[in-house]
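Just one chain is shown here, as structure tokens, and it is the form predicted on its own.
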Amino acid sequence: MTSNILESRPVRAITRDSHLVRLLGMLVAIVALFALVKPESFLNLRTWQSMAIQFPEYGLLALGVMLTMMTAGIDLSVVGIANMTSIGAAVLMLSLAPEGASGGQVALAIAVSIAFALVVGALAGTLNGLLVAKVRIPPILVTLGTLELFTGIAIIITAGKPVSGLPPAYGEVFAGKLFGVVPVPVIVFAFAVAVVGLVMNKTAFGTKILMLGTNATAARLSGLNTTGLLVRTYLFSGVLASLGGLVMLANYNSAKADYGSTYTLLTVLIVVLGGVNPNGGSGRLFGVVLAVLILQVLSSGLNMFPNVSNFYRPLIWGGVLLAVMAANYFSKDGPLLRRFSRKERSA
């Protein structure tokens, strides 16, 4: 079992990890490329503020996918949870604070709606965990099914239409800028990263997740409550997804059942690119953060070229995902070379 989630000496940890070094080099190279090709647009403060507003949406979803993948599972329902909870929060907010409501009433409505969204996200994640741990349905099938379930619930609530007209105070706070410079969504993302890092490094829960992902049978025989671990992991993922939904709600000032429909593939790409083993048991939180930044910079840079259509994005993300998984397979730590090394030792 290996864990490179977060270390007390981050610089030393990065330099010792060849994968993190490659990711950091990739990020620097992409930034340098766009800075040279489109310096006026790319180096503008507004461009970087726009990126800081955008990437927390799917970055928060990717953190949930990362946790579940470390258990040798996956959560493909994060976009459905995000949209369902943001729609629930928006509807509740509008009912508690109609037009003309006082400032105190608006503040209470926002607080209650946020709490409601997080609780619903936790319940949705718990459902995923129970189906995986108790009913023993493969995680990919469970979460594909619940993705459609949660999306269907969102469509029924809204009749397929966006929910808009939220109190301006919500957007002013959660889509605003601290000191007029730092977007609040990036602060929310940084806080979530810190919480995940602490959980994975400073609690027994984080260690047990990695043990479960390394060898579920050995973890069960050693006395670990694997059912409880899986349920709590998917619950955690559901809360992170609902937090991502609240950020989307603030950024768009509305909620709709099909917002972020491309984020499902993107979150899986981020987690794999970040160095999380799809078979579970190991991962790099800092690698996932770097992958989020790489894809956001790449996406924003491509937006500066009008000839590059947005329709090419899924093609690019899918190709990168396959390339990363193939590279991991043929790497020195991948299954192919491990198989050859075992044959050589046996010979």
Partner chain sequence: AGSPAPSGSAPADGDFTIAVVPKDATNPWFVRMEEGVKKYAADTGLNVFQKGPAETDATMQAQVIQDLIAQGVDAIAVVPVDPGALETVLKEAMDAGIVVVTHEGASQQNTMYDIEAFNNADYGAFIMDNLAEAMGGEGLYTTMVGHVTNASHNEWADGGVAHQAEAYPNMTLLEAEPRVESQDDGEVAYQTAKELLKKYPDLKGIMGTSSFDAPGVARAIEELGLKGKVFTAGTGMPAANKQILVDGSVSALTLWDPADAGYAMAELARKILAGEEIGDTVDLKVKGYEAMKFAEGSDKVLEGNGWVVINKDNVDSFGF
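So that the term is clear: the rigid core is the largest set of C-alpha atoms that superpose within 1.5 Å between two forms. This one's a predicted model, so the numbers in the text were calculated from it and none came from an experiment. Positions refer to the first chain, counted from 1.
One more form of this protein exists, namely the form predicted together with its partner chain; it is left out here, but the text below deals with it.
Chemist: Taking its partner chain as it sits in the predicted bound form, is Y252 in contact with it (heavy atom to heavy atom, 4.5 Å or less)?
Modeler: Output for Y252 is yes: heavy atoms within 4.5 Å of its partner chain.
Chemist: Looking in the predicted bound form, any heavy atom of A175 within 4.5 Å of its partner chain?
Modeler: Residue-level check for A175: yes, a contact with its partner chain.
Chemist: Closest heavy atom of A29 to its partner chain in the predicted bound form, within 4.5 Å or not?
Modeler: No.
Chemist: Wondering, does A257 line up within 4.5 Å of its partner chain in the predicted bound form on heavy atoms?
Modeler: Taking the distances in the predicted bound form, the answer for A257 is yes, it comes within 4.5 Å of its partner chain.
Chemist: If contact means a heavy atom within 4.5 Å, which one of 189-197, 92-100, 244-252, 116-124 is the stretch that engages its partner chain in the predicted bound form?
Modeler: Of the options, only 244-252 has residues within 4.5 Å of the partner.
Chemist: Output the sequence-ordered list of residues from 33-63 with at least one heavy atom within 4.5 Å of its partner chain in the predicted bound form.
Modeler: Heavy-atom contacts within 4.5 Å come from S41, N44, R46, T47, S50, I53, Q54, E57, Y58.
Chemist: Relative to the superposed rigid core, does the CA atom of F286 travel 2 Å or more between this form and the one not shown?
Modeler: Superposed on the core, F286 moves its C-alpha less than 2 Å between this form and the one not shown.
Chemist: Does A52 move its CA by 2 angstroms or more between this form and the one not shown when the core is aligned?
Modeler: For A52, whose C-alpha is compared between this form and the one not shown after core superposition, the shift is less than 2 Å.
Chemist: With a threshold of 2 Å on the C-alpha, tell me if L27 counts as moved between this form and the one not shown once the core is superposed.
Modeler: It does not, since the L27 C-alpha is displaced less than 2 Å between this form and the one not shown after the core fit.
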